[in-house]
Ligand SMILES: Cc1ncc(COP(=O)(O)O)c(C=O)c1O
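Starting off, we have a lone chain in the form predicted alone, written out as structure tokens.
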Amino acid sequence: MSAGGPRSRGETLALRHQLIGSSCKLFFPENPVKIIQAKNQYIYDENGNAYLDCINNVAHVGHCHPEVVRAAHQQNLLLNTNTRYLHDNLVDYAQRLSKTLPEKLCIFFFLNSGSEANDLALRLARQYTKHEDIIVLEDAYHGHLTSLIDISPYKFRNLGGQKEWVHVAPLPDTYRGLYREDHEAPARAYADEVEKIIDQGLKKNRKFAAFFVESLPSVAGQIILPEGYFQKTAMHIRKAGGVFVADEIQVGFGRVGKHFWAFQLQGEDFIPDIVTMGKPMGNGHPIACVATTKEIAEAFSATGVEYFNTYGGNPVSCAIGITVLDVIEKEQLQARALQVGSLLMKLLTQQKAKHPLIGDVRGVGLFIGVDLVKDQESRSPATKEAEFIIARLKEEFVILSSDGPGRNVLKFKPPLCFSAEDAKLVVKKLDKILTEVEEAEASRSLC
């Protein structure tokens, strides 16, 4: 707050333009929302308007959850320091996380952000395998550090280009990809593409350190990967001497409903070698983690170089992390994600039958994408229509955004306290706006 009291929205915007880098983008840049408060699944502007938040997967158990706020405050009153001292919160949190993961994933490193976690995963994989090359999926995004821009086609396509040690496999998208919903075995077909990349690389004396993948690709368009794909790709990468890294930064901690971790959707027999996690862990507080095996962790330690992160695993962060796990359990938010997500999928699928703009509805739990198309046959992305719909929803006090290479996929990743009533409200408003768009298009066609 300024010395003279709260600034007007215009003053805040002017100062932002003056002081903040222009590459730091705003939602709704032509008419941004100024928020001053948030609670549960709602954010509030300076005029007291409540917006239903359908996209903030960081506020995992709800904005400003009182138990999380209380835990942070109480620990802050006692102590906050680094992990070079003994403290119960660090080991208690690691122990709690270990109970959610396969037994093999039993060693933890704590950090501040998903980007830091993925950067460490890259180092772990390379140190363990003594190899350099990484395989990623088309349109993948793994973080904003230089090392991660290099393995994020979503970013490097517009920057320095693809490095020699980076190999890009086709995205297993059964709606838009190489092998679609009518293919008899899409998981095998897409995994075969990874095997081809490995075979071609080996012939050129490339050495593979890891297959690095988001358990559910998000910026690629809310993609649900065909079951069995991870098992098959893991077999190929391990045969080549590499490891399998599951990036759970967007989708872990019960969001998928059926399981606590999204990689578990692939089947109980699948276990990654490294799992990275971030965003939802701290419900808005910066905390992240890498879980791996003893063998990989010991290979990393064998260098003799200490791994130290000033803030990673501090007592306050761990107190918050433990409390987030408590709230997920106490409020049965994983079950809620499944129940409410299933309802939202059902309602959106009903809209697909009604509106030709909707080409595909896909998702699991509260991770859902609505793929908008100009034409059902060609499946050409309806980018402008998606932009218009998102702007109109904002006018209806609903915050939604788009993703995918064509920026045409409406993405739903709300806090897990999102309710059945919220789902019905959003779909009702979406139905109204889709009707507006289609009626306007019909009018233009008649002119």
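These figures come from a predicted structure and were not determined experimentally. Throughout, we count residues from 1 along the sequence that is shown.
The same protein also exists as the form predicted in complex with the named molecule; that form is not shown, yet it is the one meant from here on.
Visitor: Given that the named molecule is not shown alongside this chain, does residue 233 nevertheless sit within 4.5 Å of it in the predicted bound form, heavy atom to heavy atom?
Guide: No, no contact at 4.5 Å.
Visitor: Please run the contact check for residue 255 against the named molecule in the predicted bound form: heavy atoms, 4.5 angstroms, yes or no?
Guide: No - in the predicted bound form, heavy atoms of residue 255 and the named molecule never come within 4.5 Å of each other.
Visitor: With the partner left out of view, is residue 137 within 4.5 angstroms of the named molecule in the predicted bound form by any non-hydrogen atom?
Guide: The answer is no: residue 137 has no heavy atom within 4.5 Å of the named molecule.
Visitor: Although the partner isn't part of this model, could you tell me whether residue 249 comes within 4.5 Å of the named molecule in the predicted bound form, counting any heavy atom of the residue?
Guide: Within the cut-off, so yes.
Visitor: Within 4.5 Å, heavy atoms only, which of 143, 321, 272, 359 is in contact with the named molecule in the predicted bound form?
Guide: Checked against the cut-off, the match is 143.
Visitor: Of 113, 129, 334, 83, which residue is found within 4.5 angstroms of the named molecule in the predicted bound form when only non-hydrogen atoms are counted?
Guide: Flagged contact: 113.
Visitor: Hey, of 305-313, 370-378, 99-107, 115-123, which bit sits against the named molecule in the predicted bound form at 4.5 Å between non-hydrogen atoms?
Guide: Checking each option against the 4.5 Å cut-off leaves 115-123.
Visitor: Enumerate the residues of 279-301 that have a non-hydrogen atom within 4.5 Å of the named molecule in the predicted bound form, in sequence order, or give none.
Guide: Counting only heavy atoms within 4.5 Å of the named molecule in the predicted bound form, the single contacting residue of 279-301 is 279.
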